[in-house]
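Form predicted on its own, single chain, as C-alpha cells, below.
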Amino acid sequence: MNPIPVNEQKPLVDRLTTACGGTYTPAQRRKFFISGPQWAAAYEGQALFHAPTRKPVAFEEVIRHYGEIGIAHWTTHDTDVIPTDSLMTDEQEKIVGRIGNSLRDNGVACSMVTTETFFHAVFAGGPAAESPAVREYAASRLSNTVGIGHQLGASYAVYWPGSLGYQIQGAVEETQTLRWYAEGLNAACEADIRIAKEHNRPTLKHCMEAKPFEPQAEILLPTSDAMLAFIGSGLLKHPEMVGLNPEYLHELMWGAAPRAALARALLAGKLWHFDINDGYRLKHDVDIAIGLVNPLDWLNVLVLLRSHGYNGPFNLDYKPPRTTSNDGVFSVSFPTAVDRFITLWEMAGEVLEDSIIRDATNALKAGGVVKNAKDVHEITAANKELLTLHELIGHRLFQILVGAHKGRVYSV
C-alpha cells in the first residue's frame, strides 16, 4: 500500500464517514436534550502521562460547531472560559457577554454551568479545606458560577467534589469536612435564591456528581448513593434544591451497575441531570463516547429512562480520543456520538413496544398458579418454567440491538 499524502487524508476521512451512513440531520439532533461541554470539545489530548495532541479551541469555535452539528445546548466550567484571575472582575462580565452573543448567533443555549474546584493549586486540600480563607473563596466561586448561569440562561448547576477527600489517612476529620462542604453548597443555594429573584427566573437545579476515585486517593462522596445520603443528612439548608448528576462511567468504574444507580436516583426523585459516556469496570476515567464499549448496557439504561419519563439533559461528558484530529472532533467524534445516542434511544422505544418482551415480562409478573401460598415447594414448581424467560428477554434485547428482530441474518 502506498502512503497517503496529507492533503488526501481529510477527504478520505470525509468519504468514509459519509459511506458509514446512519446519520441524523442537525434538525433531528436538536429534538433531543443533548448538551455538549466546552471542556470535552476543547480537550487537547493531555493527561497525566500524555502530551497534548490537538491545538486549543476557543469557546466561539466550540459553540459554532455545536450549532452546525445540531447540539442545541452548551455547558461549561467557569475556568473553561474565564481565566481564574479574571473571575469576579469586570473582565468576567466582558467574557460572559461574548459567550451570550456567540450562543445567540449560533442558536445554542447554555443549559448547565459548573465550578472548577479541583484543578487550581488553591484547592490542593479540596474545596472544604481546613483554612477558612480557602472555604470562603470556594463559596464565592460557587456563588459566582450561579450568577454566570443566570446571565447565560442556564437551568442547572453541577458540582463534582473530586478533591473532597484525602491522600493520607488521618489528615482530615471526615465529618467536619463534610459539614464544611455543605456550607459551600448552602452558600450557592442562598445566592441562587437571591440572584434568581433579581433576574425574575426560577432557581437552578443543583446537581451533585459522584466519582469513586481520582484525584484523591480516598473520596468522601464516592457514589451517587453516598450523595443521596449527604443530601438527606440535614446538613443542607435547601435539600429540595439539590439532586444528582450521575455519570455513566463513574458508576461503572467501581464495579456497579449504572442502571441500578439511576433507578435508585429515580426512586428518590433526584435524577435531574445525566452525564453520558462509556468505559470499563474497575479502570480509570477513560471517558469514551457513548455506545463504543457497552452498547447493550446502554440500551438497557435508556429503556429504564424512557419507561420512567426522564426528560432532563444528556451531557456528552467524554474525551475525543487523542488520535482524533482537531477537524475530526467536530466532523466525526461529536456527530457520531450524538447519532449513537439517538439510535440507542429509538431502540429503547422498540424494546418498550416489543410484544415478545411485553408478553414475557407480563408472564413473569403474573407468576404461576398457586393454590397454597404457604407451600414453598408448590410456589417453586409453579414458577420454575417461567423463570427461563429471563434469559429469553436478554436474547431479545440482543436481537433488537443488532437488528435480528427485523430479519437481519448472517450467512454461514
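Owing to the predicted nature of the structure, the values given are computational and were not obtained by experimental measurement. From 1 onward, residues are counted along the sequence shown.
A second form of this protein, the form predicted together with ligand GCO, is not displayed here; the remarks below concern that form.
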{"item": "Stretch from 182-190, 209-217, 122-130, 83-91 whose residues place a heavy atom within 4.5 Å of ligand GCO in the predicted bound form", "value": "209-217"}
{"item": "Heavy atom within 4.5 Å of ligand GCO in the predicted bound form - the one residue of His238, Arg201, Arg306, His77 that qualifies", "value": "His77"}
{"item": "Sole residue of Trp39, Trp345, Phe33, Phe59 within 4.5 Å of ligand GCO in the predicted bound form, by heavy atom", "value": "Trp39"}
{"item": "Ligand GCO contact in the predicted bound form: Phe334, any heavy atom under 4.5 Å", "value": "no"}
{"item": "Asp339: touches ligand GCO in the predicted bound form, heavy atom cutoff 4.5 angstroms", "value": "no"}
{"item": "Asp317: touches ligand GCO in the predicted bound form, heavy atom cutoff 4.5 angstroms", "value": "yes"}
{"item": "Distance check, Ser155 to ligand GCO in the predicted bound form, heavy atom within 4.5 Å", "value": "no"}
{"item": "Residues of stretch 279-306 in contact with ligand GCO in the predicted bound form (4.5 Å, non-hydrogen atom)", "value": "Asp285, Asp287"}
